[in-house]
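What follows is a single chain, given as structure tokens, in the form predicted on its own.
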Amino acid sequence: MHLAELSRRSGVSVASIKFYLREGLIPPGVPVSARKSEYDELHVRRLRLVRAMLTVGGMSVGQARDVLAVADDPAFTRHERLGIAQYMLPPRVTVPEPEDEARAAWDAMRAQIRAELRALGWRFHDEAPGLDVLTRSVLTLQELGYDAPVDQFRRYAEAMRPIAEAEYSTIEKYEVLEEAIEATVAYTVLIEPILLALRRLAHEDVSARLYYGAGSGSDPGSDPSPDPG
């Protein structure tokens, strides 16, 4: 297919495709003349992945290039190829420098969190960005004077594990690597707001039950009984 057809098939503008070509995010087409090249389904899939990483995942061009370098290297396993895509996704936090006086507290908390999750049998890399996000959140809660017991992670972790298993059962259906990475990016970025929204609604439900009484009918936020007629 020519460039215009590639644009139509992928939903990516011609200008963006040319930019991705210049940046090495997609491989060049097969030249058929001095000014034209032919593209195929591999280019369509790669464009979908690039668009997912840049627009949905919020990655920089450099980060996307790093993901693609791993994806194209047969020395890496499928687990590593999917993992590098997730590691590049936000949020990412700044770790205190070794000479920073806050580094000792950071290292101690991170080690405690890591130990709690390891005790559950979880397998993850010691440099996983998620550990830094957890560490920063817990330390900030403690600095503000709030109770943030690390052992509470066990309940959170037990709730999250089946969710992750269900998502990866879907991701595993994508045998083509580019499609699996795209699905990983989409599920990571787009499902997280759903989980957060459900948690906030659950907070509202628990509060209503505490202060109005479950099923008391006095809750001003409760829906009226459905009209059977």
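Please read all numbers here as calculations on a predicted model, not as lab measurements. Numbers follow the displayed sequence, beginning with 1. The term rigid core refers to the most C-alpha atoms you can superpose between the two forms while keeping them within 1.5 Å.
The discussion below concerns the form predicted in complex with the DNA, not included here.
Enquirer: Could you spot which one of V70, L54, A183, V189 gets a heavy atom to within 4.5 Å of the DNA in the predicted complex?
Expert: For this set of options, the contacting one is L54.
Enquirer: By the heavy atom within 4.5 Å rule, which residue out of V176, V61, M160, A202 makes contact with the DNA in the predicted complex?
Expert: Selected option: V61.
Enquirer: Just checking whether S10 would be counted as a contact of the DNA in the predicted complex - the rule being heavy atoms within 4.5 angstroms.
Expert: Outside the cut-off, so no.
Enquirer: Is T170 close enough to touch the DNA in the predicted complex, meaning at least one heavy atom pair within 4.5 Å?
Expert: So T170 does not count as contacting the DNA.
Enquirer: Using the partner position in the predicted complex, report whether A15 sits within 4.5 Å of the DNA, counting heavy atoms only.
Expert: Residue-level check for A15: yes, a contact with the DNA.
Enquirer: Using the partner position in the predicted complex, report whether Y212 sits within 4.5 Å of the DNA, counting heavy atoms only.
Expert: Outside the cut-off, so no.
Enquirer: Can you tell me which residues in 1-22 come within 4.5 angstroms of the DNA in the predicted complex, by heavy atoms?
Expert: Going through 1-22 in order - heavy atoms within 4.5 Å of the DNA in the predicted complex - the hits are H2, L3, A4, S13, A15, S16, K18, F19, Y20, R22.
Enquirer: Using a rigid core superposition, assess whether T188 undergoes a CA shift of 2 Å or more between the shown form and the other one.
Expert: No, T188 moves less than 2 Å.
Enquirer: Using the core for the fit, does the CA position of T170 change by 2 Å or more between the shown form and the other one?
Expert: After core superposition, the C-alpha of T170 moves less than 2 Å between the shown form and the other one.
Enquirer: Does L201 count as moved between the shown form and the other one, where moved means a C-alpha shift of 2 angstroms or more after fitting the rigid core?
Expert: Stays below the 2 Å threshold, so no.
Enquirer: Just say closer or farther for the C-alpha distance from A64 to L196 in the predicted complex, relative to the shown form; it changes by 3 Å or more.
Expert: It is closer: the C-alpha separation of A64 and L196 falls by at least 3 Å in the predicted complex.
Enquirer: I want to verify one pair: V61 and L177. Are their C-alpha atoms nearer or more distant in the predicted complex compared with the form I supplied, knowing the change is 3 Å or more?
Expert: Farther, not closer.
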